[in-house]
Every structure is written in C-alpha cells, then in structure tokens.
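You are given structure tokens for the same protein chain in two forms, set apart as structure 1 and structure 2.
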Structure 1
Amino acid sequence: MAGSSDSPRHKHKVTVVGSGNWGTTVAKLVAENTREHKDIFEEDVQMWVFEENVVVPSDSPHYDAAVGDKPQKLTSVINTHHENVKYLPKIQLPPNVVANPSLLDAVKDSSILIFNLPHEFIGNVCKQIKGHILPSARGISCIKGVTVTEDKVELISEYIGETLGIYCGALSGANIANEIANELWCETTIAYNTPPCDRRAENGAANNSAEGEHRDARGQVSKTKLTAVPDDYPPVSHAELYKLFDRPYFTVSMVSDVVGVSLAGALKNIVALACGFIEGHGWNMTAKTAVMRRGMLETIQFCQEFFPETIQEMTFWESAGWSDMIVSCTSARNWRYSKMAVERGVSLHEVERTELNGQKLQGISTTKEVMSFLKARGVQDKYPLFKAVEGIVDGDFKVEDIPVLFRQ
C-alpha cells in the first residue's frame, strides 16, 4: 500500500551485468556496500560473467600444481578464489560477489541492474534478457559509448531503458578501474532522474502509482510506460543509489543530467585516442591540452546540437566532465594504447588484439559510430577533431596535420 510505514518486505537484489576490468571493480565496491546496508539490499551481488576458460598463471597464489596449465572456467575460479584472475588480477573480491555464467539466472528477480560491459555487447545482452527481468527493475549504466542506428544517436542508458521497458540512469567519472579496485580515492558522477511514479519518498507517499510516464533523454514524454517500484521494496532514488555506490575511496556526486554524464563519458574516448596519437608522435602536454580543449568544445557542441532540451553545462565540471577528459587523455587505456600504436607503427586493432588480453578500447568503435551519425546528418565538418581521429584510425590523415585543425 502506498505510504505504508511498515518496513518493506523485500530488499533490492543487485546484479552487475558484466565482469571486465570495470565491471569486476564495480561489483566489488557495490558488494562492500550491500554488506553495510542490509536493510536495503540483499547481501549477495550477482555478477554475470561472459564465460571463458582461463589458465591461472604459475605466479598467482591461486595456482594449483595439480591443475597446472589446464584451462578452468573463469566463474569457477572467481567463486573459489574470489579473484577475477583475467580482468582484475591481484584484487581480492568480497565473498558476496557471486560470479554467474547464466545471464538469465543472474538477472532473475533483480530489482537493480548495473550494466557494465563494452558497449558493443549491450545490444545482444538486452535482446537476451528482455522479458526475463522484473518489470519494476531499475538500471544504472556504467558503459561509456553510444548506440547509433543510421542517423539516430542514442545514449546507452536510453537504449537499455527503451529496449527493456525500465528506467535506466548512468554512472560515469574519472575512474581508472585498477586504481579504484586498489581503493585509491577518486570521484564519480551518477545521473538519475527518479521517475515520477517512484517518488514516494520525495513527495510523501501519495503519488506512487502502479505505473507511469517519464521523460526521456530529450525531455519528451517517453513511449515506455514504467512499472513503479512496488511499495514492498525500498525506494530507488538518489539516497539509495548513493548508499549502493559511495565508498570512502569512491566519492559519488548525484545529478540529474543523464545526457551530459553519458555523452561526456562516451566522447572523451575519441579525444583520448587523439592524445595518444599526439604523444606517440613525440609531442607532449602542451599539445595534448590543446587537443583536450578542442575535444571538450566538440563534446559540448555535440550535446547542445543533438540534446538541446536537457543538457546542463554544469555537468562538464563534474567528475564525468573535465576530470574524466583529463584522466582519460593522460593515463587510461585508449590513450595508452593509441600512443603505443603510433610508436610501433601498427594499427589500433592490432594493439588491442596483442596487448589487451581481452579488454576493449571503446574509442575505436565510438569514433566510427559518432562519425557515421555525423556523416548521415551531413555535419561532420563541424567536428574537425572527431573527423581527424577517424582519419588517423583509417590511415587517411596524419597526426602531424592535427595543428591545421586549430587554424580558423
């Protein structure tokens, strides 16, 4: 019953969909919090693992001479040793992170779904779980990327929400997974617009209705009719999400601009590639800051051009904005490996294949998708840096020609 003062009968079951470098790190920090907030969340956190066979290295404390180099299921290694030896080695996971190779079983009855995998896989994952999740589930996307179909660009959170018929917010920030897994302090930004049908806590019980409409990323009334979070569950609003994600080493800032948080996180990967190319070519911080500045201008321009109703410029001063731009262009994977590609004179795909042990460079596909969208709209020349990055990836443009972009 709306407004009942009885404590909710259910707790939120949390599932992390994905178990790469960042997926496993987020599962770790969320599982630490579910243990501390047992009144709101079930303690165990399901982590869906794209199953594969792994060989535990002989220098790992989990190496078993009896097993030797025989490949073992990654889920079984994680559940036995509480370590993701492939994607987050040398980090102890809390025992309440439960690795699950079955996607449908991992999401079953979960009321909070955290999507955290490279963006190229989200379409297939959503296709599989559609119709198999709680209709009242709520999502948070930690994915940095966009979905482009012909001349339409969608935020990943928007795509997830529309495909699954749920509301989905976004988490993004200056976050290097290995640092956070080692509990080195940083900030992050979570964008979440509590749908009107869920606003019992904020509005004093009365207007929690069984289903309702909400506004999409463009500020329009969404075609998706939401099922409200039932009253026998704790609410899902800023307060609960803060408790789920904030750690002493992971400071969360809650905002409502899903567009700014999502697009800043996606587009900075294009700029990070440019900075890697620049440094690989032999230029240094002064050149890189010029590229960061230009990249941020094109990012803000993109947000204003395609999401003018909802974008909030203050978002670029959050961790998801300038902070992520700086960290990504100076120490993240897209920067590091694009620098290596230029230094070695090989393609980015080649470096990804040989150096990343299954991890993905999101900048490569994001550049392609964003450029295909801009070209379909005929506005690619308004984004000269993004265009140059595509040209360099394809071998049609030289790194040393980048300064030409800055001449009016």
Structure 2
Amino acid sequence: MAGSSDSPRHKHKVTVVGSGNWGTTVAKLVAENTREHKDIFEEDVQMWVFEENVVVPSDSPHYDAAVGDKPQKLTSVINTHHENVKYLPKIQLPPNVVANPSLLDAVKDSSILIFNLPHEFIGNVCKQIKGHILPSARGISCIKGVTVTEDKVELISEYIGETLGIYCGALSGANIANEIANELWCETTIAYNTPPCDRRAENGAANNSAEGEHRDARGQVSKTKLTAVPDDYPPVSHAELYKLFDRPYFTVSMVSDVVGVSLAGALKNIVALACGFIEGHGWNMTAKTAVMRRGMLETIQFCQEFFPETIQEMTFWESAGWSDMIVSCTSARNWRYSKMAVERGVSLHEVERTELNGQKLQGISTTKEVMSFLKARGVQDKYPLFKAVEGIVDGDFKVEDIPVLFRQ
C-alpha cells in the first residue's frame, strides 16, 4: 500500500468523449494541463471523434493542393495538423491531443472520462462503453441540462454514473467555447462531491474507514456501488480536478453541489427565452433584469422544493449560477431566437423550423419538460415565469401578459 513517501505507480489517463466545438476546446485546455502536471496525469489526452470525411478549405494553412477538394478523415486531419478544421477551425491544438475514431479504444484504461457531446447522444454512448471502462474510473459531465419527465428529474451526470457504475461530477458556467479556445478569460464551476471511498488518509492511502456511503442527488444512499480509486493512482478530488481544468484564461471554482450546478445550467434556458421575448417586445433592460431576478428565484425555489437534502444556495452565486444566466439572457441562442420570433411576429416553433437547420432549441424542450413535471404535482402556479414562458411558446399568452402573471 502506497505511503506518504511513495509516488503512485500509475498516472491518470484522461479521455474526452466528444469532439465538437466545446469538446475540442476542453480537450485543448486539459491537454495543456496534463503536460504541466506529469506527476498526476499521462501526457496524451484521448479525444473520441465521431469519424467523418471533411474537405480542408482552400484558405486553410493546412490546404494541400495535391489533395485539393478530396475528402479526408477528420481524425487524420486533427492528428496531422493539430486542428479540428470542422468544429474548431483556426485554433491550434496541443500535439498531445490524440483524435481517436474508436470510442472503445479511446476510453480503454482511462481513469478520468470527460463527457462533452450533445445530450441526445449520451445514452447511446454510455450503452456502448458500459463494461469497457475501468470500474474505478471517474467522470465529469460538461453537458448542460437535465432529463425531466412527469415522474422525475434526472441529472445527466447521475445518469452517466448510474449507467456506467461510476461517480460523475459536472462542469458548467458562463462559458463560450470559441472565446475559451482563443484564450479569452472566463470562469467556470466544477461540482464534484468526492465519494467517501475515494477520500484518502493522511498518508495518501485509501481511507477504508471513511464514514458514510455514496449518496445520490436526493441525499439517499446510492444504488450504484462504487469501486474506489486504487491506492496506486493519485486521488481524484478537488485538488486534482482543479489542476486538470484550471488555466490562466479559464478560472475554475470547485464546489460539491452537483444538483445546483446541473439544474442552474438547465433552468436558465427557460429564463433566456423569457428575456428574448421581453427584448423582442421592445421593453428595456430594466424589464429584462426583472425577469432574470424572478427566474433565479424560481430556479432556487425549484431546487429547494425537489432537492432539499443536497442543494446549497451559495452555488447560484458561482459561474454556473448567476453568471451563466446573465450570458444566456443577453447573448446565447435561446435568447436570440425568442427575440427574433417576437420581432417577426411568428411563433418560436416557426423560428426553430426555419433558422436552426434541423437543430432544436433546448429552451423549448426544457420548458415543456419542467412544466409537465410541475403540473403532475399541481404546483405550476408557484412558478409564474416558467408558466408564462410555456404559455407564450404555445400561443396561449402574449408577452405583455408577463407582468400580470407575476402578480398572481
């Protein structure tokens, strides 16, 4: 058993599952840190890439006239030129980002898995890698949102953890991928509640006497029976995750409230729709701030009503809380397209159909799911802003009804 004078025999292998705009950005900053902390992490960072053919643009510095417009494998382009020319063009990636088209090979023997792909794909990805990862692996979900049905609210991080039999935290904040990739400074929040089985004794060995069992988002003993991070690996705790993610241009704040970070990242999409409606109607910034204030109150109320055992109100003062809401309500696409709908005098569904090239506005689905959950419990009237947004999306309310609804 490793003692205080022994260095762990293994280092953490890191895999980023996903290679879109945000996934590639996270792979970049993580790979910069694995090079700087070689005592903790293996230098190479695997990045799973859904393989596709791409054509390198003629204005790209990587354009090869001999190849011309002939399609090339995206993984080959990334590994040769260290640039994701399709999803993060003109950003140089560290050479230790290794694009891998095989999902199973990318996650093999990885002890830290970072999930960063559209939420609609996470179920299929988890099914594919289940039983093919280290039992003691730990995860971080960079996927904003939650899954809400009439029966329950499920955190994406908890879905990942329960499906794979591991513990998974969450990263969220006022983060815009292209800005971070260009190393423009911002903050983020990582929520990670180190499982009792992973808490080390003073000599660095696994603390087998650590009291308590791993608990779920509602404070109940989790059905997932975790395998502890072995003694011959460095710990996975706030200190190690901070070193993995924090950069001079990407300030990390570590918290333990996975519920607050996850729900704030989801519910702010409803508030962003409301702010877009307000601005499209011609009301000013003071009206928008009233909506943001009410939206944050309802967000906190929702968390306290349905997750009272684990929620920590200070979480909403983190980047994942107020900061993310402000950015979402002033510049993100839920705000942008709801504003456009009111300005054009058409429904939000019509804007979604004509402007998003088949993609969906997450704010619409989140509103529908959350309101179905609230209606199933008969408490929808306690959430007048959420109710107003659903009514405007469905055409039952007008934007000018919002102040009246607030008074009810």
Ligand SMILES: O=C(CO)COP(=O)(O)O
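Here the rigid core means the biggest group of C-alpha atoms that line up within 1.5 Å when the two forms are laid on top of each other. Numbers given to residues start at 1 and step along the sequence of structure 1. For clarity, every value in this text was computed on a predicted model and none was experimentally measured.
**Study point:** Either 1 or 2, the form predicted alone
**Key:** Of the two forms shown, it is structure 2 that corresponds to the form predicted alone, while structure 1 does not.
Practice item. Could you tell me whether the Cα atom of F41 shifts by at least 2 Å between structure 1 and structure 2 after core superposition? Key: Superposed on the core, F41 moves its C-alpha less than 2 Å between structure 1 and structure 2.
Check your understanding: Quick one: once the rigid core is lined up, does T330 have its C-alpha move by 2 Å or more between structure 1 and structure 2?
Key -> Where the cores coincide, T330 still shows a C-alpha shift between structure 1 and structure 2 that is 2 Å or more.
Exercise for review: Inspect the rigid-core superposition and answer whether the C-alpha of G358 shifts by 2 angstroms or more between structure 1 and structure 2.
Suggested key: Yes, because once the rigid core is superposed, the C-alpha of G358 moves 2 Å or more between structure 1 and structure 2.
Exercise for review: Could the core-superposed CA displacement of L348 between structure 1 and structure 2 be given in angstrom, to one decimal?
Suggested key: C-alpha displacement of L348 between structure 1 and structure 2: 7.5 Å.
Review point. Once the rigid core is matched, what's the CA displacement of V271 between structure 1 and structure 2 in angstrom?
Key: Its C-alpha position differs by 3.4 Å.
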